[in-house]
Structure formats: C-alpha cells, structure tokens
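Consider the single chain below, provided in structure tokens and representing the form predicted on its own.
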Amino acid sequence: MSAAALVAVILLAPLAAALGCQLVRASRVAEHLNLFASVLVFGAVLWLLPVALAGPYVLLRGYIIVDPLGAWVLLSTAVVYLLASMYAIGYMRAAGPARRRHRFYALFAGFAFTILLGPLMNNIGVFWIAIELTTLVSTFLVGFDKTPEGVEAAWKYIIIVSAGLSLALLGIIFFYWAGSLTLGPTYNLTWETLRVAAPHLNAPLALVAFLLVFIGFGTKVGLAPMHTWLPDAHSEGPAPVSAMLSGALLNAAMIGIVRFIGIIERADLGALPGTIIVAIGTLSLAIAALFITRQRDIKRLMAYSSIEHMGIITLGFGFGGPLGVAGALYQMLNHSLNKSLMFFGAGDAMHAFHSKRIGRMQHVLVAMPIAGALWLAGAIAITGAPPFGLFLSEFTILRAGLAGPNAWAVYVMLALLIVIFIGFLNHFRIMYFGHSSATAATVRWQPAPGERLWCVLPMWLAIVPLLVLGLWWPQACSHYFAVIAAQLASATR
C-alpha cells in the first residue's frame, strides 16, 4: 500500500468514527465504531513505519509529509489511541448512564484525528492549526463530566494553552519574516524550506523566533514554567482522556519543537539554543520532583509524572547526537505505553474507592488484585527502574549528555530521578501497604465481567511491551533511530 493510501486510512478512520458516533447515538455502537477506527489506525501506522524509511514523501501539493520522525510519533499516538479506546469501553460503562456516551466517543475519535494530523503536516502554519485543533476538541473532553472542577480545568486549559500557541504563531511569523529576507516576500513555509534557508537567516531574529515557538509549543508540551494547565486538565478528565492527553497529545506538540530544533541548529547561533533547551528540560524535571513528593491526588501525581517525562525527552533532544535522539524517541514510546497503564490503573482505583485522594486508597491489592498488581508494576516502570523500557531510554539520554557540552545537566537529572523514584513509589507504598484497613474492609472493585475485561486487558497490553522493550532493544528500533538522527543532523550541516 502506498504512503498516500496509508495516510488516508490513518486520518479518515477516526474522522469517520467521530461522525458515525454522533449520528448513531447508540452507546454500544459508538464504542465499537471508535474501537474499530483505532485498530485500523494502529495497523496502518505499523505498515507506514517501513514505508516512511524510504521517504520523506511529500503529498497533497506539499501540505503533508511522511518521514521517519513523523511516523514514530504516529506510532506512539496509535498505541495510546488503541489502548485507550479499549479501556474506555469498560471505564465509561462503569462511569454512569449511557445517554451521553455516544458524544464522548465522537469527541474521543475527533481528538485522535487532530493528534494524528499534526505529525503529518509539512506546512508550518497548517501544523500550528492542527495543534490548535487538538486544544479545541480536547477542551470538551476535559470538562466532559461537567463537574465544577472539570469545567474550571477546561477553561484554564484552553486559556493558557491558547495563549502559549499565540506566542508560537508569533514565532512562526518571525521565522517567515527572517526567511523573506533571503527567499523573497512570498514563499512556501515548509520545514525543508526553512532548514535550507537557516544558515542565511538573520541570527538575532531567528533566535527570537525560536524562543517564541519553543515557549509556545512548550506550553502545549507541559514544560515548566508553562506547565500550570497540565495537572488540572489531566486530573479532571476521564481516565481514557487523561491517557490520550499524556501519552499522545504531548508527543504531537513535541514534534514541532524537534523540527524547529533542526532548523535553529543550522543557523549561526552557536551552543545557545541547545543550552536553553537543556535548561528548560532540567527545570521541568525539578518542578515535577517537587510536586510529586508532595502530591495527595492520584491523577495529579500522574500528571506531574508527565511533566517529568516531557522534561527528560526535551533533555534527550537538547543533548542531541545519535544517542540523545535515540534515547528521546525510545522514551516517547515507552512513556506512551507506561502512562496509559498508569492512568488506566488510576481510573480503576477511582471506581473502587470512589475517590482520587491517595490517602483514601488503602490495600489496593485487596480491592483489585489483578489490576492492582499491573498498576504497581507500572508504577515501578514509570520511575525508570529496570527491567522496563524507560530504564534503557533514560540511561541512553544520560550517556548522551555526558558526551556533550551540557554535562552538568546529567548530574542534576540523575539526582532528580532518584528523588522522583523515592517520592513516587512512597505514594504507592501508602496505597498498597498502608496500616489502615478500614477502607479495604468495605471496598472491593466488582465490575461486571465484560467491564473488567475491557479495563484489565489494555493494562496487560501495555506492561508486556514495556518489559520486552526493557530487556531487548530491537535492532529495527536502532536502525529507525539512526535514520532519524541522521536526518536531523543533516539539517545542521
């Protein structure tokens, strides 16, 4: 199948599902329409991965690009979309009445469509539109339960992120202005056009433009200090939405930063952009460590963990080189798998204990033996402990940092990872091995058999690849990362 046909399947399947869910208005039909679309997307993305290696392919008169970097981000998105669509069936059936469920699935499939759109955009202006569309659609999902806290989180989300993306748009305009001094007053603003023009851009103007897009898209990624929307949005939305926000949306925004890094490193700005990127990544880790150790809300704990991992990915791309790029890309996939598992476990625990407070969750293994065991394994994995995939990716990023000019950040990163390891797992020690047995005596998670299957199966499908990717770094992944690193490096020559 051609790249064009695969792209059509990837984009049209969730879009058709969104329209179908809204038209049929039957919850059982809607949930399976969305699930079928996620399966189609996952299969098409797997097929697209080897096809993209022969690229990049430019389609639709230059508006769509299929390259290895975009295909890898699509893989992370497709994995989360599939797992979250499976989990949503059990979660939403247990959440309450079915009368609004078809609207949830219509929004959910539409959200997946907007996330999948971003990595495929070749025109920078259209890429910005795609990222803004993710904000508009996901705002309704964040506030879907219509609780006062959810509505407040939705408003906070759209205001802060839209403000950040306004800065990103201003940065894109500045990049266009800088390019017009070399390319003329009108030209096609694509990633490759700016990469070619980068050595000839006005250096101060290019630096200002990069800072604006870095801050703007960094707001969407949840990098500190632009992260303030993320804990509220991730904690108030339904658990499947939280998984999509953390495991898929953040990566779709990160690809914009990565592509701009490839442009700015070719401009004559020395080591300054790389130092800024590493500093922001380190700050994000520090903020995450501070709030993880003091957290009392289980979903906010997961949200601050997302800030941590986006900081680590930023450090990987900031360190650069084959190791830095490989570690960051491996971290993307592992984090998508792991954070999906963690939000699924949090959703199950919230159903079991009827609370998001960590202190009210006691003896989790008594309340939900299988899901609780998988959730605990995910908690160990998310801290970067062996033998899971995040250990390998974080270790690779640390190695990359030692070989570069910002080695100081490696030691800070290592210290903060130790703090996060202790703080994060201490919360799970309280929930699993706390002294109080009052809660465990009265609470046991007893969903219907069908609901239990849909809630637990995606957790198994997440933890097994995490273990495999921790014990074995596939040669195909190494080749893929090497191709992406070479393409990013060629932009800096």
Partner chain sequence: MFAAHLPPLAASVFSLLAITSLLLAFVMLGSRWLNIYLAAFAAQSWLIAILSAAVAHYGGYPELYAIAALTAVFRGVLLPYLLLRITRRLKVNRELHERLAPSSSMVLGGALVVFAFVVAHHVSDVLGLGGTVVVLALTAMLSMKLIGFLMLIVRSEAVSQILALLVIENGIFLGSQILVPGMPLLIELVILFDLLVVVACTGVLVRYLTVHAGTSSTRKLTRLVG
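Positions refer to the first chain, counted from 1. Just so it is clear, the structure is predicted and the values come from calculations on it, not from any experiment.
Form predicted in complex with the partner chain: not shown, discussed below.
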Sole residue of Trp128, Phe260, Tyr91, Phe111 within 4.5 Å of the partner chain in the model of the complex, by heavy atom: Trp128
Residue (of Tyr304, Tyr330, Phe104, Phe210) lying close to the partner chain in the model of the complex, criterion heavy atoms within 4.5 Å: Tyr304
Close approach of Thr139 to the partner chain in the model of the complex, 4.5 Å, heavy atom: yes
4.5 Å heavy atom contact, Asp268 to the partner chain in the model of the complex: no
is_contact(Pro199, the partner chain) in the model of the complex, heavy atom dist at most 4.5 Å: no
Close approach of Thr275 to the partner chain in the model of the complex, 4.5 Å, heavy atom: no
Candidate spot Gln362, Val419 and Pro465, all three touching the partner chain in the model of the complex (heavy atom, 4.5 Å): no
Interface segment, criterion being heavy atoms within 4.5 Å of the partner chain in the model of the complex, picked from 342-350, 380-388, 184-192, 73-81: 184-192
Contacts with the partner chain in the model of the complex - residues in 286-311 whose heavy atoms fall within 4.5 Å: Phe291, Gln295, Arg300, Tyr304
